[in-house]
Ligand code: DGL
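Just the one chain here, laid out as structure tokens, in the form predicted alone.
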């Protein structure tokens, strides 16, 4: 049992976006080890075929399970929206997605029940945020917008500047017209753009970063299953499916610390 407690959390995303979840793990549950898989060979996920994306998620999860991970965190809204139930069916270990925690936080936060959601084309087209928000609160008015330029901006490190601000403003203007009071960042890449997003929407709209709530749920699940790591020396390993040196360079900047050696693993 002790060996299982010290096993890593398996975390995956299409690229650097899932590092927002890693950042929260380091803050909230710093004793936990992490194995992170960045599927950089296929980023961005948002415009890809849903069946293809389900296949990616299953292969990555299988890899993380084979590496001995004790829990899987789908640090990607697109993969959560399309593959969460599929993965739960196929793999006999706890799997946590990023959507449900963000939904719960948004409903607790909103004062007017007017909630905006931004995400990839695949996430928005899946309707998962809209369905879950309205299932929990039928009176909620939900306005969703796909923001395809956001992931490439983050993956290329373009998280500030006039051009980025203009792109963000163009994507968010339809939601601002709806008088929303809460905005869910429905993609784990988007928190890296949060300073620009906040500048565009103003301080009157509350921004929900599902990564914070997701890791809180991870902590609760680890406690429930008595799987909290007991050791004092957690390890952090990062792998990517393409250009590991590029991922290390970008990821180290975003995370605020050197990722160390990033291995290339093609599935």
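Positions refer to the first chain, counted from 1. All of these numbers come straight from a predicted model, not from anything done at the bench.
Unshown form predicted in complex with the ligand; subsequent notes refer to it.
The contact residue chosen from 60, 211, 69, 43 relative to the ligand in the predicted complex is 43, the criterion being a non-hydrogen atom within 4.5 angstroms. Shown alone, this chain has one stretch from 73-81, 134-142, 192-200, 109-117 that lies within 4.5 Å of the ligand in the predicted complex by heavy atoms: 73-81. Contact annotation: residue 96 falls outside 4.5 Å of the ligand in the predicted complex, judged by heavy atom distances.
In the predicted complex, at least one heavy atom of residue 151 sits within 4.5 Å of a heavy atom of the ligand. Residue 187 belongs to the set of residues with a heavy atom inside 4.5 Å of the ligand in the predicted complex.
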